[in-house]
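In structure tokens, one chain follows: the form predicted alone.
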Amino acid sequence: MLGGRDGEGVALAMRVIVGQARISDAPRLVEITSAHVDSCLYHGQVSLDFAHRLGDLGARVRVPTTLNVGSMDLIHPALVRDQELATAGRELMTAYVDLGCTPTFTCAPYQLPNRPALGEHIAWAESNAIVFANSVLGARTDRYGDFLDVCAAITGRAPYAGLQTTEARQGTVVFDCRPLGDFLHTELAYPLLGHHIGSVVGAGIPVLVGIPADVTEDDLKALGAAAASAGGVALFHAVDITPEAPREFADLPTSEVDLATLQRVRRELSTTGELDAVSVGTPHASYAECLRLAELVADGPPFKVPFYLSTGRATRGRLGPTLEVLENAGVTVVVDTCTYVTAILSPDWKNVMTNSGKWAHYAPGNINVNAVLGSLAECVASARAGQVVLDS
């Protein structure tokens, strides 16, 4: 492939893969079974140039390849306020479909069928997808950024380095979550816990003790997404929960997490008591989360502020009558993108509530808003009141 056997496009992609392998001191390459590409999110002309170059050289992906969010909601194009961004975003998303990628346009590919299994080597980009695949599914992917992700998809190879290897997947620090008690049975615990852990460990690998057996995938999604945003966490181990969690970890440094710590985190992520809008579903809301939101909004007074739900187009397609319930209640359903990465919210809105630790971390810098972090129920109550309503 490097020598041009499969065409110039594949040779270009392989040069990138081999270059990265040399940088990371990989002894060899490893075959991957799938890829998830983040490069379809528009970041400027270079995004288009690289995708078009690969296409012009005849490159096509050779493993099943899903696409991350883009800069455009292709089903509801009128939602995007910046038409120049919308045009470029649409062109880039199309370019990646032309390379043979599946037009999933979701940051949560683990919500789709045919998830990678324990031990499978994959090449996924998008921080929350990486940490979920490594931690919850037990698949193996390092952190792959733009351009490297699609090159792995085109060659079917990735450097055997980082979290592709067994040695790099060992825990580095223990967090004893047992002092949190019943709070661990609330949804708000997990984005707060993830943000705290990411802030402490950076790119380390946390081992969590005390996570309850009835924890949901959506809880683990929220935890991992926040940890990957606040730090560089690409893998965590929840003892007795996740497939690679260690049984022995007495030799690792340990810190306790108590309720006062997570209350402080919530204050740090919540900068206002006023409210202009609500945005939930980052990472993309699962089918179960959409049903839960529909239950919360089905009866009661109307919203006094705009309410946005981001989800994948595949999840939206499963909702059936639930979609009508959401929309009749005043929920604007956004697909293919997310409200903190493209121009959907009004630039006049400064105070926005979310149920996502990741959204609360990134939105202030990305779209110049003040964030308030709350549970899904608190978000609904606040939208109805037109001001922030917190249970505690």
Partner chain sequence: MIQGRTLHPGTATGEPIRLTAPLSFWGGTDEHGRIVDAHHPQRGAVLTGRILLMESGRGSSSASSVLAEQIRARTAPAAIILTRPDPIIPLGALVAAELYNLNLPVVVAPYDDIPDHALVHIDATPARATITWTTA
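Residue numbers count along the first chain shown, from 1. Everything numeric here is computed off the predicted structure, so don't read it as measured data.
Same protein, other form: the form predicted in complex with its partner chain, not shown, and the subject of what follows.
- Across the proposed site, Met1, Gly58 and Arg157 without exception lack any heavy atom within 4.5 Å of its partner chain in the predicted bound form.
- Proximity to its partner chain in the predicted bound form, taken as heavy atoms within 4.5 Å, picks out 143-151 from the listed stretches 78-86, 102-110, 143-151, 288-296.
- Of the residues given (Pro212, Pro179, Gly232, Gly119), Gly232 alone sits with a heavy atom within 4.5 Å of its partner chain in the predicted bound form.
- Here is the short version: of Thr33, Ser346, Asn366, Asn328, the single residue with a heavy atom within 4.5 Å of its partner chain in the predicted bound form is Asn366.
- At a distance threshold of 4.5 angstroms between non-hydrogen atoms, Gly44 is in contact with its partner chain in the predicted bound form.
- Mapping the unseen interface onto this chain, Lys350 falls outside it, with no heavy atom inside 4.5 Å of its partner chain in the predicted bound form.
- A residue is said to contact a partner when one of its heavy atoms sits within 4.5 Å of a partner heavy atom; Ser71 fails this definition for its partner chain in the predicted bound form, lying far away.
- In the predicted bound form, its partner chain sits beyond 4.5 Å of every heavy atom of Val278.
- Contact residues in stretch 110-127 (any heavy atom within 4.5 Å of its partner chain, taken in the predicted bound form) are Ala125, Glu126, Ser127.
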